[in-house]
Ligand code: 4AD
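Quick setup: one chain, the form predicted alone, written in structure tokens, and binding and motion questions come after.
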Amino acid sequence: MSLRIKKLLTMDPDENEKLITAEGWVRTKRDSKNFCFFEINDGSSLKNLQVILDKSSEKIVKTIDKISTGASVEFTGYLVESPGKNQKVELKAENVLLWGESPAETYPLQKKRHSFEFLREIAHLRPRTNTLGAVTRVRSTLSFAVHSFFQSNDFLYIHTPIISASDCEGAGEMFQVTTLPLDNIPKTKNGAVDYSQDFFGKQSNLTVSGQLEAEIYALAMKNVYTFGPTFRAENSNTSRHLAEFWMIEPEMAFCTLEGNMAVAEDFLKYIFSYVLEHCPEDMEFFNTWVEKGIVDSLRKIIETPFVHMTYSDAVKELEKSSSQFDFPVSWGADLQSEHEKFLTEKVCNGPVIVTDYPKEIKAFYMKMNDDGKTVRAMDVLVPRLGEIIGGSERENRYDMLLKRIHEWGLQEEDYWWYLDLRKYGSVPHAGFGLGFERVIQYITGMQNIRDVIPFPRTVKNAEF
């Protein structure tokens, strides 16, 4: 296996004249009388490798003539000291192999700045751009950081089902999975869809969360986490919503809201630190070209203790400045993004964990407080974004959970196994959810969530 360009750029000029092979795609090509200069990239680094090729060979000249931006190539030669300011070494090539041509007249990625809207139309080629390449490397590194944090803290990685008969959020915005013929759907005698003839024998959907299933394993394995795709059939055509996205969801037994908050804070600080340490080149790119000051803002979060505040206290603070908001502030209403940003940027000047929300605006599985009005929920808010994590202590009392299921109008029989967990060895337990793409957006400063996932699935869009 040949060395990646990222590695080649860190090497010293080879005094022993060892042959090196470099593979990649052409970013630029410059021709002179005797030499041809290429910049190639293989996705491992923001920087390109400069390659110099002597045009003294007629065979090489014929190959060079066929090479243009976007072509896939393989160069063999020697690493030498570069006279340029931007790189330590360059490849003095002796041979070139053209793997795949890229006709210049039709190749969409010319050497100019393209809009992100245009790049979404060519998602099969956009990873070759500087910005999307940097996003991809950060996404990969962040994925590893997620596993690293949980594995180093003795969590077990659980694969929860993508197809589910339970609606975790109780909101009903789910993609249905069926093999029933849509042009002739079987019906029961009373005119309802006859799901007994469907593949699973009951109504099934793509999951909105792996939380409920993760709780099963937490109540046997103590600390577990899921990290996988989730789906929401939410008709929201915004820069923050996707129909298919990835979720990180830890669940912890023998854990209360206080322990949940501590893990959430440690987790964010860990993954932010990990990316800054392992992607310095890409983060400097985002800091310069996408969101100025983003590196310092991440460092501030890492170094700042998170403020804790109840929902009731947060509302009181917001009411003092209610005239500044587009959305009204009142106890019982959900906090909007503008409210969350105000709390972090104006009131607390840093990250905030808001707890104890009204039961009416939170999910049925959250543990009820003794006041009968609020639940032991938490939202972690950060500057620039607002909510980045949502979680709670889970309701571990059978009678109270059953009451909440009924209050939400859910079918008790659909949650029989979830209720069973409260019969047999129930214990206080807690967890949270973190949208992976939202975190990537936050770390990189990218404005549209469709540009931090390889192939975005949104309303009216399922290309590629």
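Numbers follow the displayed sequence, beginning with 1. Since we're looking at a predicted model, the values are computed, not measured.
A second form of this protein, the form predicted together with the named molecule, is not displayed here; the remarks below concern that form.
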- request: Using the partner position in the predicted complex, report whether Arg232 sits within 4.5 Å of the named molecule, counting heavy atoms only.
  value: yes
query: Can Met446 be called a contact residue for the named molecule in the predicted complex at 4.5 Å between heavy atoms?
result: no
query: Glu387 near the named molecule in the predicted complex, any heavy atom under 4.5 Å?
result: yes
query: Does the named molecule come within 4.5 Å of any heavy atom of His114 in the predicted complex?
result: no
- prompt: When the named molecule is placed as it is in the predicted complex, which of 404 to 412, 429 to 437, 22 to 30, 44 to 52 ends up with heavy atoms within 4.5 Å of it?
  reply: 429 to 437
query: Heavy atom within 4.5 Å of the named molecule in the predicted complex: which of Asn223, Thr131, Ser209, Ser166?
result: Ser209
statement: Only hit among Phe245, Tyr195, Phe285, Phe175 for heavy atom within 4.5 Å of the named molecule in the predicted complex is Phe245
query: Does the named molecule come within 4.5 Å of a heavy atom in each of His147, Tyr274 and Pro383 in the predicted complex?
result: no
- prompt: Hey, which residues along 393 to 409 are within 4.5 angstroms of the named molecule in the predicted complex, non-hydrogen atoms only?
  reply: Arg394
